[in-house]
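Consider the single chain below, provided in structure tokens and representing the form predicted on its own.
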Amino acid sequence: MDWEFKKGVPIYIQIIEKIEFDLLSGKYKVGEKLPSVRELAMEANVNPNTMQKAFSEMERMELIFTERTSGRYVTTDQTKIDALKKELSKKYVDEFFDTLHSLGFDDNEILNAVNTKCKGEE
């Protein structure tokens, strides 16, 4: 997932969402060292202070931690990763249903479409 920022949402929030996605997709493994603030800021083309704010918030959320003098690491607490996975799945399912409801689909039509997709049917 590339660093693409949307208007109307603070950049540091979007950075957190991107790193959360990277954690769950396996780009960053449990306990793995993260790139430095400066490295990620350059990669994302953002101010290092913005990246630092995102990292600080992720530390508060206990998704990452700092080892003094050696950098930041992904949490080793699998329950934090599992909770994040559950939270994001709920968010995406809610968005999916909200979008289809706004297009006029009812719950049964949505569930039928999901079942069809899961069975690999067209």
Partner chain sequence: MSIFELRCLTKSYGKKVALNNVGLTLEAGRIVGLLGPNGSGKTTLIKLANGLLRQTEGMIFIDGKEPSTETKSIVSYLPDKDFLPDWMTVKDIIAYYVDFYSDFDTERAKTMLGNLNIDENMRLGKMSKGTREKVRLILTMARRAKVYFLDEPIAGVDPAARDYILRTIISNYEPDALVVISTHLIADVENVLDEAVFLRNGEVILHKNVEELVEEQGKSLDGYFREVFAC
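This one's a predicted model, so the numbers in the text were calculated from it and none came from an experiment. Numbering follows the first chain given and starts at 1.
Quick note: we don't show the form predicted in complex with its partner chain, though the next part is all about it.
Among the residues 89, 78, 70, 45, the one placing a heavy atom within 4.5 Å of its partner chain in the model of the complex is 45.
Although the partner is absent from this view, residue 114 stays clear of its partner chain in the model of the complex, with no non-hydrogen atom inside 4.5 angstroms. Under a 4.5 angstroms non-hydrogen atom cutoff, its partner chain in the model of the complex has residue 50 among its neighbouring residues. When its partner chain is considered in the model of the complex, residue 60 lies well away from it, no heavy atom lying within 4.5 Å. Its partner chain in the model of the complex is not approached by residue 29, whose heavy atoms all lie more than 4.5 angstroms from it. Per the 4.5 Å heavy atom criterion, its partner chain in the model of the complex is contacted by stretch 35-43, the sole one of 92-100, 35-43, 79-87, 62-70.
Residues 5, 7, 8, 9, 10, 11, 12, 13, 38 of 4-38 are found to place at least one heavy atom within 4.5 Å of its partner chain in the model of the complex.
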